[in-house]
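Form predicted on its own, single chain, as structure tokens, below.
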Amino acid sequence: MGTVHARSLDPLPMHGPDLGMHPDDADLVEVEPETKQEVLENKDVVVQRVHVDGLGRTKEDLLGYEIADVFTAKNLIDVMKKSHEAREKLLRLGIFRKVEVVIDTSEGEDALPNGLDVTFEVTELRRLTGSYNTMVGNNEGSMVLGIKLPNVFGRAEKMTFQFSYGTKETSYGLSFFKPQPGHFDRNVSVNLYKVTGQFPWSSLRETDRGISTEFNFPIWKTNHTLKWEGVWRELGCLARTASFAVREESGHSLKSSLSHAMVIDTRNSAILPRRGTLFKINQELAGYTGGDASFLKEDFEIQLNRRLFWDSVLSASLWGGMILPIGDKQISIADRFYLGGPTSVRGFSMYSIGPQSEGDYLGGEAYWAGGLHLYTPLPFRPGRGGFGDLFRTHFFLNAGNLCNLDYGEGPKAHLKKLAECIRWSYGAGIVLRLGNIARLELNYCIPMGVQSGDRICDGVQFGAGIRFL
């Protein structure tokens, strides 16, 4: 429970060289300490004062929201519990390197017999911090360098500059983050960025320069994000052999969009959960605030996890989405859905399902994908209780489809088209959980339902990332 100190009220030992007293005097000091201990442990107490020591540039009014609940504690155990909760809130602000708690009896003229003082001893982060780490995305890795200015104006604001160099993507950006005092989950952020990515499955190179603003807030058990994004996109061919369909998409465009995301997540882990559910839905509307792109895009994600016998876990996932053009403007290749690869429908190459032209995959306007997985401990449980617990045996069945739609046909025709030519695969392998950062999979895959133009990976397939079907 963090570092919590409290002065002991136990009677002092009646022997030893440090006391300087005779055992016959013991009766003179027994009664008062026992009375105080009874007051603190078995009766109500009052938190009279809460101090925060070690503040520099942090404004005191910000911390008042985080520690207010300590004053409502009614007994010693409650004081310790609420002090620990307040400590966690202070650390969550991201402005302190260390927070310790000291609980003591009140002193002074106004001290009550059952009064307590709580002191939070804090150490602020430096004004400028740097970081270097590596990140794992969906089957790609990157090196990330960052510079942070925490607590810029004294109320948990944060300014960050980040540069990322990866196998398929290079980016840099500047962001400003501001939480609402007393409600850290409600926050606003502004981002300026430039991202250059390579998409070899489409022979496409894309450079985005943009600005975005986000507002995050919880409602009941859901978390919501409202976002506006304005981005100048530059599309080009990655190779001279790019198809004519990709060359047609090349050039500059401007997208301005409003989006909303809602998430309900009760999983115990986002990387390799053993229990809980995930429900996520996204909506994006482009064109009404300007720009060249004009569409309505909807997609969702559902995941259910249930623990079974012998420490095994059964997991089921379902993804789906659709994009509808608004007006006469065609949907850009950069806005369409893509499917296939070791993080979605295994047994197929990365994003190699659906419409294609001369070997370049163009994405689709609607898709769905489902997966059923069984995770079990390794046979004979090697390394149980240690490194071996990071590995799991994996059995899976995946299916999905991606296609373009004729919007004059109606919903029934759309569903019929999505139900045709279903790609599916099954197999087994080993999963390695890399803490709460990412996970690695090595599977033996058997693809089925292969259609003309699909690119398969029959046999061993390696995958790395955060989000898996």
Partner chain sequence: MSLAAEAFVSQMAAAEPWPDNAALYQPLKDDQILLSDCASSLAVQAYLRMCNLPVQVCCRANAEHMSPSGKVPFIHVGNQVVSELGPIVQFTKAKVRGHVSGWGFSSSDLQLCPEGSAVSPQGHSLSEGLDDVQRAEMKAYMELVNNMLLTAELYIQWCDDATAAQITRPRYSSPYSWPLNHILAYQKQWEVRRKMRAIGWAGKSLEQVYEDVGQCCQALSQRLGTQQYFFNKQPTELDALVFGHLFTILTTQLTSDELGEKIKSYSNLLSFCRRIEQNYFQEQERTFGPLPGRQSLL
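Positions refer to the first chain, counted from 1. Because the structure is predicted, anything quoted here is derived from the model rather than measured.
Separately, the form predicted together with the partner chain exists; it is not shown, and the next lines address it.
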Review point. Hey, of 284-292, 135-143, 393-401, 312-320, which bit sits against the partner chain in the model of the complex at 4.5 Å between non-hydrogen atoms?
Key: 284-292
Study note, to complete from the structure: The listed residue (L372, A111, L254, L174) that reaches within 4.5 Å of the partner chain in the model of the complex by any heavy atom is L254
Check your understanding: Since exactly one of S131, T241, T266, T123 fits, which has a heavy atom within 4.5 Å of the partner chain in the model of the complex?
Key -> T241
Review point. Check W232, R247 and S250: does every one of them have a heavy atom within 4.5 Å of the partner chain in the model of the complex?
Key: yes
